[in-house]
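Okay, here we've got a single chain as structure tokens, the form predicted alone, with questions on binding and movement later.
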């Protein structure tokens, strides 16, 4: 006959504290400390009255990272943060970007830029950055188009390193033509599709009967006239 089990003492059995629990606790504390450092870094550049990092703060950040404020990597950083207003970073946007980049110091942020560039160069990410760059330049409420001068600067910044010849000629054309004062998103996306899909400078594969923005039909016609 089995012995009766030991009497209950009325005390609950202690819940074992596993190695996983210890790891989670340590990880949570480390994450909390990292976020604290990210926040402190934000406030070192933040305009106290607006509660945001403003253009002056971004210029100071760029100086500390030894990167010019017009460098395309600053646009990439804004894209990573999903910043909504050109020249401004909110605390939420700053946290989102720096946490994703695992950067809680200026030095780490600078070192993260090459990896950010690699991430952006993936085709789907690059198209997202390209679309974002247009929206980021819409600085007025209900604004849907961007003036030619700004578009030329943006084309050079975003596409210049990949499609130098196309961008140079496109900028030249945009500056001399008089039919368009502004460019909309559909035309902007058409520029990228054109550079990406159409052989240059022979334009093989370009069919004006397809759904290209009219401004690109005009550009091709202008280029062909230059070549004859």
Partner chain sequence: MVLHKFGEKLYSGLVATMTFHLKEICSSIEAAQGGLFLEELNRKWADHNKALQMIRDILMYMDRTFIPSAHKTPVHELGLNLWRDVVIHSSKIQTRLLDTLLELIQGERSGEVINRGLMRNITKMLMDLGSSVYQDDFEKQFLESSADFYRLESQEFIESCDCGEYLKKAERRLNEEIERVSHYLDAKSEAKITNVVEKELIESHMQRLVHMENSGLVNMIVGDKYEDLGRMYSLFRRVASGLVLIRDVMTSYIRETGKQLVTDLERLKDPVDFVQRLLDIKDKYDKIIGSAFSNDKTFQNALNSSFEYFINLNSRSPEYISLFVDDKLRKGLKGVSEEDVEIILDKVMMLFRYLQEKDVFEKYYKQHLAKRLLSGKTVSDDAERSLIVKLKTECGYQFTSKLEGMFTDMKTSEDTMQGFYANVGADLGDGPTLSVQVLTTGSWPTQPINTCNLPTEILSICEKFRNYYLGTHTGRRLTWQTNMGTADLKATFGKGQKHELNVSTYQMCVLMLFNNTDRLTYREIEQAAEIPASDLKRCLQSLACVKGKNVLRKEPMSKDIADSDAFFFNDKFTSKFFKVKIGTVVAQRESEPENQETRQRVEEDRKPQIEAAIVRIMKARRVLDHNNIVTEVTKQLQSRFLPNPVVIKKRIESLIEREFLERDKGDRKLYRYLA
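Residue numbers count along the first chain shown, from 1. Computed from a predicted model, the values in this text were never measured in an experiment.
What comes next is about the form predicted in complex with its partner chain, which does not appear here.
A heavy atom within 4.5 Å of its partner chain in the predicted complex is found for one listed residue only; from 193, 37, 69, 164, this is 193. Only one of 105, 139, 131, 145 comes within 4.5 Å of its partner chain in the predicted complex through a heavy atom, and that residue is 145.
Within 4.5 Å of its partner chain in the predicted complex, a heavy atom is found for every one of 184, 187 and 209. Residues with any non-hydrogen atom within 4.5 angstroms of its partner chain in the predicted complex fall in just one of 37 to 45, 156 to 164, 176 to 184, 50 to 58: 176 to 184. Residue 220 falls outside the set of residues with a heavy atom inside 4.5 Å of its partner chain in the predicted complex.
Along 90 to 118, not one residue places a heavy atom within 4.5 Å of its partner chain in the predicted complex.
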